[in-house]
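Below you'll find only one chain, the form predicted alone, shown as structure tokens.
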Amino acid sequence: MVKKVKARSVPFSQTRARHANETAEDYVEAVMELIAELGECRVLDLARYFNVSHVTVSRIVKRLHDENLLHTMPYKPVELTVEGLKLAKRVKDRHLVVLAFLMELGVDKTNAEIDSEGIEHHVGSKTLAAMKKFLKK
């Protein structure tokens, strides 16, 4: 007798889609933070921020430029497009909610910061809303 495997494509497809967006989300959030901190963001700043080569950053910045999230020109700072800024703000908000939620649960700040960096990309809108509601109590 062969057991049938129940299809679970919806949750897995949502997770895969969120994985695909992680790099874009990390980069637009980093550009926003670096601009706020340094007044501008350059490829070298991002390479240092992520501890990767400038070649890796250049490739990702080009892809995000093609996706209309970043604007860049040779030898000029990297800038957020309107869409990139909207995404960066949403990601930052999600990050702060997840961080606060973990800390409210009793997770120490160091571990909450580490864990929130990964969780922020995978938390769904309903879960995020529940976290916000929990934090308001």
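Just count from 1 along the sequence shown to find any residue number. Note that this is a predicted model, so its numbers are computed, not measured.
Below: the form predicted together with the DNA, not depicted.
Engineer: Please tell me whether the candidate spot formed by L44, H54 and R63 is one where all three residues come within 4.5 Å of the DNA in the predicted complex (heavy atoms).
Structural biologist: Every residue of the candidate spot has a heavy atom within 4.5 Å of the DNA in the predicted complex.
Engineer: Under a 4.5 angstroms heavy atom criterion, identify the one residue in L96, M73, A36, L105 near the DNA in the predicted complex.
Structural biologist: When the DNA is considered in the predicted complex, the option within 4.5 Å is M73.
Engineer: Is R59 a contact residue for the DNA in the predicted complex, using a 4.5 Å heavy atom cut-off?
Structural biologist: Contact check for R59: yes, within 4.5 Å of the DNA in the predicted complex.
Engineer: Using heavy atoms and a 4.5 Å limit, would one call T127 a contact residue for the DNA in the predicted complex?
Structural biologist: Close contact is absent here: in the predicted complex, T127 is far from the DNA, nothing within 4.5 Å, heavy atoms only.
Engineer: Within 4.5 Å, heavy atoms only, one stretch in 28 to 36, 44 to 52, 83 to 91, 97 to 105 touches the DNA in the predicted complex. Which?
Structural biologist: One stretch meets the cut-off, namely 44 to 52.
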